[in-house]
Ligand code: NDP
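Have a look below at one chain only, the form predicted on its own, in structure tokens format.
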Amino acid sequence: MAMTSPFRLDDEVALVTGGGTGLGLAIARCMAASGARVVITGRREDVLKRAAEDLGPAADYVVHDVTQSGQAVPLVTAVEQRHGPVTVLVNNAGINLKRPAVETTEEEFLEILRTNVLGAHSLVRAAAPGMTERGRGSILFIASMASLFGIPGVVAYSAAKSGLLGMVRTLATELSPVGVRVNAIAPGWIETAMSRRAMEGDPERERKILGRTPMARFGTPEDIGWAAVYLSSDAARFLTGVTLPVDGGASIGF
């Protein structure tokens, strides 16, 4: 079957959590540029408002805290009443904690899991029924290099992001038979404000990262955004249960 524009997202409604800054904003920008109607969420209305204005008329925002799982269904309902059925869900919202494993408290561990794992699951529970009823949809999770190999000092984050990959595989087996694809992106080291802060005063860490990255550079947020567009488009219509590293080769480099 010929497709005139397989990489486009025309007529799609994409809900992107944590879409006001960083990778979420880049994903939203690339999806809007590809024809999607994009709704971004986050906890800070001022940030979301600026981001939506920057994205242009194809974008809207809703204030939402992913840790408030009881608000997931009302969120999806509100988006669908305003813009139509959610056909693309991007579970991007997340938090990190850098601390040695033996110093990480149970409360800190649970906070990471609530945001990164349970928050994503609540959105899937809210959006997937409509997708399955319509027989089509794309659900994306933003994983991490910490999902793929050991990184010191991030035990809770690593557990959470690794857990997402298990969710991807299980959800793909449950939802793909009725037309809903489920995939993940594992970003490598991307040039963002957060990564710049992490590198400040630590040239050895930057040297180590670049030394194990075959492309010998950091990625850009748009590298993740375009990968998200691809995985959500008809060009990837036979891809499900996949974790795509977008990392300049870091996951296979030495």
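The first residue of the sequence shown is number 1, and the count goes up from there. All of these numbers come straight from a predicted model, not from anything done at the bench.
The following text describes the form predicted together with this ligand, which does not appear among the structures shown.
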Kindly indicate whether Thr21, Ala93 and Lys161 are, all three, within 4.5 angstroms of this ligand in the predicted complex, using heavy atoms. yes
Might Val66 be said to contact this ligand in the predicted complex, defining contact as any heavy atom within 4.5 Å? yes
Test of understanding: in the predicted complex, would Ile190 fall inside 4.5 Å of this ligand by heavy atoms? yes
Even though this ligand is not shown here, does Met194 get within 4.5 Å of it in the predicted complex, heavy atoms only? yes
Hey, in the predicted complex, does Arg43 get a heavy atom within 4.5 angstroms of this ligand? yes
Thr132, Thr104, Gln71, Thr115: which sits within 4.5 Å of this ligand in the predicted complex by any heavy atom? Thr115
Tell me, which of Ala127, Val182, Val154, Ala143 has a heavy atom within 4.5 angstroms of this ligand in the predicted complex? Ala143
So which of 94-102, 166-174, 132-140, 80-88 is the stretch with heavy atoms within 4.5 Å of this ligand in the predicted complex? 94-102
